[in-house]
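Listed next as C-alpha cells: two forms of one protein chain, kept apart as structure 1 and structure 2.
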Structure 1
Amino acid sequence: MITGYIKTPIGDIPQVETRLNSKDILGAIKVRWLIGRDNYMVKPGLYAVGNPTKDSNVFVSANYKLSFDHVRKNLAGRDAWILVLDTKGVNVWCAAGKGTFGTHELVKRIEETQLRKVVNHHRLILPQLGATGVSAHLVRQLTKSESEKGFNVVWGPIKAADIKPFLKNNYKATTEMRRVTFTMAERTKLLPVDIVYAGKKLLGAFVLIFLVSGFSQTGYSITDAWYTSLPSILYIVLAYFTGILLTPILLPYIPFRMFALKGLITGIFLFIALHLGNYMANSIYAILAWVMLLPAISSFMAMNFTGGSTFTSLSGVKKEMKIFVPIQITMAIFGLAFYIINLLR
C-alpha cells in the first residue's frame, strides 16, 4: 500500500498507491466474511496520494481499511492528502454515530499531524455520512488561533466514487451525490458478515433440536435423536437463510417497515411451501410446531439485518426489538413444546 514518502515541513509522509493490489482485494473479501475484522485498520495520521503540495485538498477518512481503500482508489490521478482519524477500525457512518469519527478526534488529529505546516489552506473535505459526528462550526472554532483562522469543513459526497465529479463541480454535491442508496447489490455485500456472525445461534439451534429429538413414547434415545433431528435441522437451516439471506435481498418488496415483521412473513411463506410440498409430517402437532418455529427463526434472523441497513434508526430498532423479541421467544417456546408433544404422542 505504501509506495514511498513525501518530504514535508513536518517530516516524511507515507505515499499510498491508488490501485488496489491482490492483497487489498483478498483482505476486503476476508473482512466481509468476518475474517480478521477486528484488526482491519490503518494507522491514523496523514497520508499522501500522488505528489500533493501545500495547495492540495485534504480528504478525511476513517481508519477502517475498507473505507480508506475506497477513498484512495477514487483519488487515482489526483494529488491529495488523506487525514485518517482513529475510529477504532469502524467505518465512517457507524463511527460517526458512536462519536469516534467526531469533532474532537478530528481536531486532535489536525494538531497531532501539524496539518497547518503541510497545507496553506483551511479546507477539509469530509464524507457526508460523517455529519452526525462532526460539528463544522466547532471544528472551525477549536482550530483557530490569534494568527490563524480555523479549518473549514466541506461536506463531500456520500460515496467515494463521486469524489472526482464533486471536485469538478466546484466542491458542490448534487442531489444524487447526497442520496443514500441501498440496492440489492449493496445489500448482498453485507450478508456474509451477518451469516457468519449469527452462525453460533444456528449451531445452538442445532444442538437444542438434536437434544429434544431423542424423546419418544419409549423414553430417550441418542440414536433416535440422530435420525429424527435430521429433517428438523434442514427446516431450521432453511428458516435461518430465509431470514438472514432471502429477506434482506427482497427487503423493499416485502410489505411493512419492521424487519422482524418482514422476516415473519417470509417465514410463513417458507412453512406454506414446505407443507404444501409434503416435506413435513401432517400431524397437527408437527404442523403447529413448525408454523411457530419457522417464522420465529426467520423473523429473528431478519431483525439482525437492522444493524447494517440504511432503512433503520437506533430508536426504531429498539422499538422493534421491544415488540418482537417477546413474540419470537413465545413462538419458539410454543413451537418447541408442540415439537416434543408430537414426539411423545
Structure 2
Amino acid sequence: MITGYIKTPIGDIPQVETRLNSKDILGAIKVRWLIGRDNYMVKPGLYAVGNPTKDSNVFVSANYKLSFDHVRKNLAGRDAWILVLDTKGVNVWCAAGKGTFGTHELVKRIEETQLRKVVNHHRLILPQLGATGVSAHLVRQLTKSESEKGFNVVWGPIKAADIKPFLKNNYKATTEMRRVTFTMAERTKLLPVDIVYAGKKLLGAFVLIFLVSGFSQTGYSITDAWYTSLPSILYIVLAYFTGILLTPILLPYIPFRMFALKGLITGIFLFIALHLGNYMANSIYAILAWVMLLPAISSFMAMNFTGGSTFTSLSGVKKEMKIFVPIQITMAIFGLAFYIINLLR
C-alpha cells in the first residue's frame, strides 16, 4: 500500500497508491463476512496521494481500512493529503454516531499531525456522513488561536466515488450526492455480516427446539429429540432466512413501514407456502405451532435489520419494538406450547 515517502517540514509522510491490489480486494470481501473485521484498520495520521504540496486538498477519513481504501482509490490521478482519524477501525457513519469520528478526535488529530505546517490553507474536506459526529463550527472555534485561523470543514459527498464530480462542481455536493440511498445491491452487501452476526441466535433456537423435541407420550428421550427435531430445525432455518435475508432484499416491496410487521407478513407467507406444499404434519397442533413460530422468528429477525438500514430513527424503532416484541414473545411461547402438546398427544 505504501509506495514511498513525501518530504515535508514535519518529516516524511507515507505516500499510498491509488490502485487497490488483490490483497485489498480479498480483505474487503472477508470483512463483509465478518472475518478479521475487528482488526481491519490503518494507522491514524497523515497520508499522501500522488505528490501533494502545501496547496493540496486534505480529505478526512476513518481508519477502517475499507473506508480508507475507498478514499484513496477515488483520488487516483490527484495530489492530495488524507487525514485518517482514529475511529477504532469503524466506518465513518457508525463512528460518527458513536462520536469517535468526532469534533474532538479531528481537532486532536490536526494538532498531533502538525497539519498546519504541512498545508498553507485551512480547508478540510469531510465525508457528509461524518456530520453526525463532527460539528463544523466547533472545529473552527477550537482550532482558532490569536495568531492562527481556524480550520474550515467543507462537507463533501456521502460516497467517495463522488469526490471527482464534487471537486469539479466547485466543492459543492449536489442534492443527489447528499442523499443516502439503500438500493437492492447495497442491502444485499450487508446481509453476510448480519447473518454471521446473528448466527448465535439461530444456534440458540436449534438447542431449544432440540431439547423440547425429546418430549413424547412415553416421557422424555434424547433419541426422540434427534428424530423429531430435524424437520423442525429446517423450518426454523427457513423462517430465519425469510426474516434476515428475503425481507431485507424485498424491503420496499413488502407493505407497511415497520420492519417487524414486514417480517411477520413474510413469515406468514412462508407458513402458507409450506402448508400448501404439504411439507408439514397435518395435525392441528402442529399447524398451530408453526403458524405462530415461523412468523415470530421472521418478524424478530427482520426487526433486527433496522440497524443495517439507512433510514430508521431511534424513536421509530423503539415504537415498533414496544408493539412487536410482546407479540413475538407471545407467539413464540404459544407456538412452543402447541409444539410440545403435539408431541405429547
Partner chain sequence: MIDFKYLGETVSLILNKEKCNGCGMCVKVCPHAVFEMNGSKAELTLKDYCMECGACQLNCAQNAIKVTVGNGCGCATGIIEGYFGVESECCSDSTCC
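Take the two forms, find the largest set of C-alpha atoms that superpose within 1.5 Å, and that set is the rigid core. Note that the structure is predicted; figures quoted are calculated from it, not measured. Counting starts at 1 and follows the sequence of structure 1.
The second of the two standalone chains is derived from the form predicted together with its partner chain.
Shown in the overlay between the two structures, fitted on the rigid core, is a CA shift at Asp69 smaller than 2 Å.
Positional change of Lys54 between the two structures stays under 2 Å at the C-alpha, relative to the superposed core. After superposing the rigid core, the C-alpha of Lys30 moves by less than 2 Å between the two structures.
Taking the core as reference, the Cα of Lys318 moves 2.6 angstrom between the two structures.
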